[in-house]
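Just one chain is shown here, as structure tokens, and it is the form predicted on its own.
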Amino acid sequence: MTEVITVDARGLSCPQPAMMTRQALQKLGKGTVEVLVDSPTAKENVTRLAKNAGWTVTVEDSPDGSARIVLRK
């Protein structure tokens, strides 16, 4: 079973969500990281960071404007 790390970055402004995500990706190495964000800027920054690091990105948008970003490697 692969490890899953959840990063709850809701309510935080950039660059904090991206920094928290980078730390989780470095700690895990491979597996699944779930990132919860509530701003379009955080969603874009986290997505770009993960793709540049070679992770597969799946974004699930919620009607309230928040998003669940699932990163896998």
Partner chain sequence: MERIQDCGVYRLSDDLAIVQTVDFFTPIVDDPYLFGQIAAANSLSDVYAVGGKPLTVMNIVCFPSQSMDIDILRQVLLGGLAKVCEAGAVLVGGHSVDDRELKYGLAVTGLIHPQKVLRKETARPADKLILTKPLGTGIISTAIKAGVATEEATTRAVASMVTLNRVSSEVMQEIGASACTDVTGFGLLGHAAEMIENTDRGIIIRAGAVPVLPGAEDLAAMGMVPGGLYRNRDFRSAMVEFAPGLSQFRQDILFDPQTSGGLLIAVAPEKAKGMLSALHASGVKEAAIVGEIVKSPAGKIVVEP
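The shown structure was predicted, so the numbers you read here are calculated from the model rather than taken from an experiment. Residue numbers count along the first chain shown, from 1.
Just so it is clear, the following notes concern the form predicted together with the partner chain, a form of the same protein that is not shown.
Is Asn52 part of the interface with the partner chain in the predicted complex - any heavy atom within 4.5 Å?
Yes, Asn52 is a contact residue.
Even though the partner isn't displayed, in the predicted complex is Ala18 close enough to the partner chain, meaning a heavy atom within 4.5 Å?
Taking the distances in the predicted complex, the answer for Ala18 is yes, it comes within 4.5 Å of the partner chain.
Quick check on Val59: any heavy atom within 4.5 Å of the partner chain in the predicted complex?
Val59: no, not in contact with the partner chain in the predicted complex.
Contact with the partner chain in the predicted complex for Asn45, defined as at least one heavy atom pair within 4.5 Å: yes or no?
Within the cut-off, so yes.
With the distance limit set at 4.5 angstroms and only heavy atoms considered, check whether Cys14, Arg22 and Thr41 all reach the partner chain in the predicted complex.
Yes, each of Cys14, Arg22 and Thr41 comes within 4.5 Å of the partner chain in the predicted complex.
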